[in-house]
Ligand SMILES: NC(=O)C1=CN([C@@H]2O[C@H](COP(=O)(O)OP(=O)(O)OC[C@H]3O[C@@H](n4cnc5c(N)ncnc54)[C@H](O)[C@@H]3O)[C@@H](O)[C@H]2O)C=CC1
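Consider the single chain below, provided in structure tokens and representing the form predicted alone.
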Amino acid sequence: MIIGVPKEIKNNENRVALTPGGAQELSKHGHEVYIQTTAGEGSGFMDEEYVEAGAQILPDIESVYAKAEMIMKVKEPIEPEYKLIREDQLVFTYFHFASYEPLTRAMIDNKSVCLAYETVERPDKSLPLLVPMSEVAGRMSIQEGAKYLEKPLKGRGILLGGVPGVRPAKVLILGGGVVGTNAAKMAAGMGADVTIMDLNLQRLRYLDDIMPANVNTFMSNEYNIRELISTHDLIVGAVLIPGAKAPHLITRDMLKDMRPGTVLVDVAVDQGGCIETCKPTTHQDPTYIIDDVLHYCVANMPGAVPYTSTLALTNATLPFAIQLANKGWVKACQDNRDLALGLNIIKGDVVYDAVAEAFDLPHVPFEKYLGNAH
């Protein structure tokens, strides 16, 4: 198979979908790998390293899309890329369709095959290609939140861990999944007073067992959220419903109950956000203030630590990429149900239910394209 890796063009996105090591593995399996020049530089990988690994360098993004049968990316295609994607071309990346209708419509129109990292799902409901970036984003949410609590950056002026004789900051984490667990670990490690909320009592029991003493668990509901937001300094939105738009757990009217300088970090922003006043921002201009409450809503948080993020992501995606390249997407998805669940749009048909539901589009089961394999 011919695999193409374009340079990411989203604002301040420095990750790359394939490392030189990944390019070498695909080349060893007999596949042709084409990398857009400088695509890996933001993550610390030079063109020469890709060439030594058996890849070929192409001069521009148009050449990569024109050449490849499978495109591997990190972030969803943005508008300049829509017209470059061809009918039947396989695009393997994060899409987050349910949060952005123009992207969904564009991929329907170009009749490509869209396989989304974020909905590849194991039988235990874990999301193996979302986990590495959720781990990075969860840890970063505390790192960034601690920074923006500083007064010069318009925060409350409170040190996350406090000092002897002074209380530490109070951190509220909405969601006890991978993002929330990693956020809680970081906040606890920095000495904050942490509360983590979730709807799942079994999950809360597990977190209560594994977390240090400065992490408390609390059942998530509107009453409890309203009770806690007035006393917490940093609030992290860490809620995910696979493939679907995130629910609004913090509504606009709740901001008035927060203290001036409270910091909100919405990690769910690329799925629409679980904070109603959240809108996507960039690393270049990461924050804004509404009702004296500071919002940090960067849609590609792991892009700020691209070396770590690229290695973490490609460790997880490469085995699936090899399956797709070796077998073609139809056979690979017939043989691997986890991978089949990553199919979101196929040749103009929406085959992922939550995406169809988000925009009131017809839903076609992916089995239509896979025959009777399932």
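One rule holds for the numbers: they count along the sequence shown, beginning at 1. Treat the numbers as computed from the prediction; the structure is a model and nothing was measured.
Separately, the form predicted in complex with the ligand exists; it is not shown, and the next lines address it.
When contacts are judged by a 4.5 Å heavy atom cut-off, T119 does not count as touching the ligand in the predicted bound form. Although the partner is absent here, P77 is not a contact residue: none of its heavy atoms lies within 4.5 angstroms of the ligand in the predicted bound form. Interface membership of G177, defined by any non-hydrogen atom within 4.5 Å of the ligand in the predicted bound form, is confirmed. In the predicted bound form, the ligand stays beyond 4.5 Å of every heavy atom belonging to D193. Candidate site formed by K7, D60 and V113: none of these residues places a non-hydrogen atom within 4.5 angstroms of the ligand in the predicted bound form. Distance criterion of 4.5 Å from any heavy atom to the ligand in the predicted bound form singles out L249 from the list M211, M186, L149, L249. In terms of contact with the ligand in the predicted bound form, the residue from M107, A137, I71, I235 that brings a heavy atom within 4.5 Å is A137. Judged by heavy atoms within 4.5 Å of the ligand in the predicted bound form, the contact stretch among the candidates 301-309, 47-55, 63-71, 332-340 is 301-309. Of all the residues from 269-286, those having a non-hydrogen atom no more than 4.5 Å from the ligand in the predicted bound form are V269, D270, Q271.
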